[in-house]
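First, one chain by itself: the form predicted on its own, in structure tokens.
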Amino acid sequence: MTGMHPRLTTTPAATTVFTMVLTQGPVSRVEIARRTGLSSAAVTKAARPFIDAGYLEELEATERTGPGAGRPASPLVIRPDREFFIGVKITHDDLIGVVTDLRARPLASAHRPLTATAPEGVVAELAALVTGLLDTDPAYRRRCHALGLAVSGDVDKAGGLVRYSPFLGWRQVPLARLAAQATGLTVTIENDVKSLTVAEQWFGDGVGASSFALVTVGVGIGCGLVVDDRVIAGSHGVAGEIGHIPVGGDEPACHCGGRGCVEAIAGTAPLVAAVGAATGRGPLSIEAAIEAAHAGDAAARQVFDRAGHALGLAMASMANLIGPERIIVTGDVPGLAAYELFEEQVNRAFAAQAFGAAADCRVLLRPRTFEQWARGAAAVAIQTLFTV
């Protein structure tokens, strides 16, 4: 993380208390103490820096701390406009940016096309996008200090480095430093799927689940994991790479250098190429491939069935290893349209391969726009408030 952001100096207890109010508030100190195991005095001490800095406020007393006695409790609530955040999703041909409040609610959005993917050019376009978003409202300029960037591929969040992004053609790009220099903001970078996972954990379908998985279907096949309330990155930052579980034997070859990866079977480009080859139609768009399958073309359907089987096996492997309470499946619109074609095969392979109670895991289909992916980047930026 790089930049000039006036971070709060917090303790683990303060982070716990603030996160609970942020994601589940309004909530009283008594209830926070009950849920977290902290003492009431510890909760009061933990909340004080956030109250003093204007991030939290107390509502008027609305409940009593005990049946028939005790003082009325004053719930704590977030002041969402105390600070604003920018999140940007970087694709190979577009920048999608949002301004959010503390609850990661999008307040303004903007798109900026990319004509090339060289890092210097992307950063220049990023700076222009950020300037435009900040100029939307004078309050954003005064109270926005943090920028979150979501990038596909192998991202070193702590080092601010994009180690490998196949769709951008990047290797070892110090994106956080470059973006901080260009924008003057504190910059946090994260893998795009993990960013979306943070948003789901705090503000979406993951709220209330201590363990869940987010699977994304589209250009790539990604997976974010939350275990015991923590997003899992692994020692090298690549935990959850479900797209590179080998389920296809020795074929086909994958861009990662491996063979038989889920992404090489169910990712948009290989899926479309396989439909074109199987039907003899040559190069197709994803929309044309989906249309062929919907029209009953047996060869096209077979390709989609294979993709669904591969994804179902990978999801079952993940469920067997992690044991999530739920799996949220999302992606871009064409990707999810394809998913609906092979959903039956996904469910069949998952049920056959999931072990024991892992087969009871709920699978939720949730479309997400690119603005919501950018919101995920903003959610990661919001975490910069808690750096101990």
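Here the rigid core means the biggest group of C-alpha atoms that line up within 1.5 Å when the two forms are laid on top of each other. This structure is a prediction, so every number in the text was calculated from the model and none was measured. One-based numbering along the sequence shown.
FYI, the form predicted in complex with another copy of the chain isn't displayed, but the following is about it.
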Quiz item: Hey, of 25-33, 358-366, 51-59, 338-346, which bit sits against another copy of the chain in the predicted complex at 4.5 Å between non-hydrogen atoms?
Solution: 358-366
Quiz item: Does another copy of the chain get within 4.5 angstroms of any non-hydrogen atom of G240 in the predicted complex?
Solution: yes
Quiz item: Is P113 a contact residue for another copy of the chain in the predicted complex, using a 4.5 Å heavy atom cut-off?
Solution: no
Quiz item: Does S317 make contact with another copy of the chain in the predicted complex, using a 4.5 Å heavy atom cut-off?
Solution: yes
Quiz item: A150 near another copy of the chain in the predicted complex, any heavy atom under 4.5 Å?
Solution: no
Quiz item: Which residue, V219, A182, L107, I232, has a heavy atom that falls within 4.5 Å of another copy of the chain in the predicted complex?
Solution: I232
Quiz prompt | Partner-contacting position among L313, A307, I96, A264 - heavy atom within 4.5 Å of another copy of the chain in the predicted complex | solution = L313
Quiz item: Does any residue in 195-230 get within 4.5 Å of another copy of the chain in the predicted complex, counting heavy atoms only, and if so which ones?
Solution: S211, L225, V227, D228, R230
Exercise. Indicate whether A209 shows a C-alpha shift of 2 Å or more between this form and the one not shown, with the rigid core used for the fit.
Key: no
Practice problem: With both forms fitted on the core, give yes or no for whether the Cα of L129 moves by 2 angstroms or more between this form and the one not shown. | Solution: no
Quiz item: Can a Cα shift of no less than 2 Å be assigned to V247 between this form and the one not shown, given superposition on the rigid core?
Solution: yes
